[in-house]
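Only one chain comes next, encoded as structure tokens, the form predicted on its own.
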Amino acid sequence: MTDSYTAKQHYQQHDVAGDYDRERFSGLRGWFVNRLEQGLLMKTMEGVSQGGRVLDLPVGTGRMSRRLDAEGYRAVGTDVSEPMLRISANLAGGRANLARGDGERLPYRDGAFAAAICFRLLVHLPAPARKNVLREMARVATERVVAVYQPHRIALWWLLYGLLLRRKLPLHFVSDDDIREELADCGLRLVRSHTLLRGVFMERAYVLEPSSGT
């Protein structure tokens, strides 16, 4: 298990967790991005039967878990951050199914879920940690794994965000070819992929089948 990357400690800070939604999803832009991401989520879930258990890793403040529950799935949110879990529980009115756990060593048996989703995490992880997380997701999911990457390519938002606003860009871009190789190495077969918003945002969701799935 990898302990050296920044994000694992960063998101366990109470002030970081408390400001998470406000910094990313407030205002018109935040509303728009949240709407796009939830739409992307539902595209990736096509073909997974409602009622199935879905691992949401990391659950963060619970945006995706709440949407999954509303759509008839049984979301199980997992996060290494206790403050994030507390916020997720509060926003769900105490009705969320949550557990603390590290994505590199999940506290679940093999095949415990129909699907496992991973939004807004992989870009923070160095390659060894990313592969650990992907292998764990492949281990616990029987039908579907969804992994969201930001392939290394120019997109309008990142030009604005990085060059004009001088904000920090994601730490770990991975090329599309390297992503495909990484996924195969982790026992995941690519079924299809979807962009968040072509030419504007860089995120792409890879819809995958664990090698044990049929």
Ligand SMILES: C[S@@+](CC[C@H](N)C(=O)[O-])C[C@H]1O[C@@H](n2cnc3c(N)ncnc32)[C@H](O)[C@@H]1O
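Please read these numbers as outputs of a predicted model, since none were measured by experiment. Quick note: we count residues from 1 along the sequence shown, nothing fancier.
Unshown form predicted together with the named molecule; subsequent notes refer to it.
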query: Contacting member of Arg74, Arg86, Arg120, Arg135, with respect to the named molecule in the model of the complex [4.5 Å, heavy atom]; finding: Arg120
query: Candidate site Ala127, Pro151 and Ile179: all three near the named molecule in the model of the complex by heavy atom within 4.5 Å; finding: no
query: Location of the named molecule contact in the model of the complex, chosen stretch of 89-97, 76-84, 136-144, 108-116 [non-hydrogen atom, 4.5 Å]; finding: 76-84
query: Leu55: touches the named molecule in the model of the complex, heavy atom cutoff 4.5 angstroms; finding: no
query: Contact flag, Phe201 vs the named molecule in the model of the complex, heavy atom cut 4.5 Å; finding: no
query: Non-hydrogen atom contact Arg66 with the named molecule in the model of the complex at 4.5 angstroms; finding: no
